[in-house]
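Next up: just one chain, as C-alpha cells, the form predicted on its own.
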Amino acid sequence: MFAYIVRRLLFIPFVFIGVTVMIVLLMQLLSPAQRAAAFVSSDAQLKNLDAIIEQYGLDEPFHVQYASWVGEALQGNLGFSTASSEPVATTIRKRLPASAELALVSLIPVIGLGIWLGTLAALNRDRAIDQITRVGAIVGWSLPNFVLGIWLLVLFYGGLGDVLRDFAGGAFRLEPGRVSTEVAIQIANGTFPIRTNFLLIDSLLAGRPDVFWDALRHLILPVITLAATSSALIMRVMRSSLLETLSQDYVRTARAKGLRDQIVHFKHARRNALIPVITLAGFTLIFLLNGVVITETVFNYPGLGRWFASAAVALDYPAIMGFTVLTAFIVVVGNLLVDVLYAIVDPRIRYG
C-alpha cells in the first residue's frame, strides 16, 4: 500500500504538467494583452501591459510562454483577480477554508443520510418505506440546487423565520452569508482572532461559543440544500449495491449457518456494498471542495464557488486558470484517498 501511494504521489507532477499545458494552449486563443493579465499582481500593472508582454515573452513561441507561466506559478504568482480585487493565490488562500468548511459539514449528512436510507430501503424492498425513500430520492435528485435554496431562503429567512425567532426569543435566525454583521465586524477589527479561517475551529480555539453558533446556523440552509440533492444519489447507489450483495452466494451461506440477520446484513453484506458508495462519496467531496457554485451564490457564501462564478461572468482569466489548477490538484488527491479507502473497507483489495 505504501509503495502504491508513493507511486501515485510521484504521478501528480505529470498530471499538473498535462493540465497546465492545456491551460496555456487554450490561452493562445487570446490576444497578448489578455494573456498578460495572468501575470498582473496589482491594479497599477494593468496600465502597463506592453511591458508585461515584453517581460514574459507573450509574443514568443509557446514553449517560452509556458516556461514563463510555470515559473511565475511556482513562485506563487497566479495573477491578479479582478473579481476579488486581489492576487489569485491570496483569494484561494482566503476562500478555500470557507468552501472546505461547508463541504466537510455537508458531507456528514450527505453520506450518513444516503447510506442509512439506502440500507433501510434495501432491507425493506418493495415495502412502504422502500417506496417512500425511492420517491424522495427521485425528487431530491431532480430538484435543482438553486430552486431548493431559494425556497429555503423564502421559507426560513422570511415568514417561518419570524416564527422561529419569536419561539426562540429572537436568538434563532437563518440567513445568507457566512456570519452575521456583528461577527463580521469583530473579525474585521481584530476582536475575534482568525487562526485557521475555519470559523467553527477558530471559535472553539478562542472559547467563543457565540461565534461557533453564529457560523453553524449560517451553514444550516446550505447544508440542507446540498444534503437533499447529493444524498439522494448516494441512497440510490447504496440501495442497488446492497440488493445485489444480498443475492450473493456468501450471504446465503452465512444465513444457512444460522447467523442472525443483523450480522449478515451489517457485517457481511453492507461492508461490501459500500465500495461503489465510497467512489461516489469521494467524488461528492471533490465536487464540494471545488466550491459549489450555485449554492454558494444563492446563499451569498464567500467560498471558491461564488468567486469562480463572479470570475467567469467577468472573464477573469487569471482566476479561472488558478481555479482550474486547484481543481486538478483536488481531483488527483481525492482519487488517491478513494483508492486508499477501498483497501480499508475491503481487505481483499491489495495494491502492488
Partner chain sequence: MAREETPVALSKAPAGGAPTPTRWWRSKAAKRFRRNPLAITGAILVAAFAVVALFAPQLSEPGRTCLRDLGATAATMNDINDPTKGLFWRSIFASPEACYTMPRASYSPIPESPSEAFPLGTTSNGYDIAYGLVWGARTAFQIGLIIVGISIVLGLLVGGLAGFFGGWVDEVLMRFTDVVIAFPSLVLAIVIVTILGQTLTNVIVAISLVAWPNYARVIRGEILKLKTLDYVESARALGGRGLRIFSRHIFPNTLAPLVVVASLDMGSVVLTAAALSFLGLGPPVGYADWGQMVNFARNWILGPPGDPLAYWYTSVYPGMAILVFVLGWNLLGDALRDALDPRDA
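All values derive from a computational prediction rather than experimental measurement. Residue numbers count along the first chain shown, from 1.
The same protein also has a form predicted together with the partner chain, omitted here; what follows describes it.
The partner chain in the model of the complex comes within 4.5 Å of a heavy atom belonging to V298. Contact annotation for A51: none of its heavy atoms lies within 4.5 Å of the partner chain in the model of the complex. Mapping the unseen interface onto this chain, R236 counts among the residues with a heavy atom inside 4.5 Å of the partner chain in the model of the complex.
Taking non-hydrogen atoms only, L30 approaches the partner chain to within 4.5 angstroms in the model of the complex. The candidate spot formed by R134, V139 and N335 lies fully in contact with the partner chain in the model of the complex, as each residue has a heavy atom within 4.5 Å of it.
When you look in the model of the complex, the only residue of Y157, W213, F266, Y250 with a non-hydrogen atom within 4.5 Å of the partner chain is Y157. With contact defined as any non-hydrogen atom lying within 4.5 angstroms of the partner chain in the model of the complex, the contacting residues in 306 to 332 are F308, A309, A312, V313, L315, Y317, I320, F323, T324, T327, A328, V331, given in sequence order.
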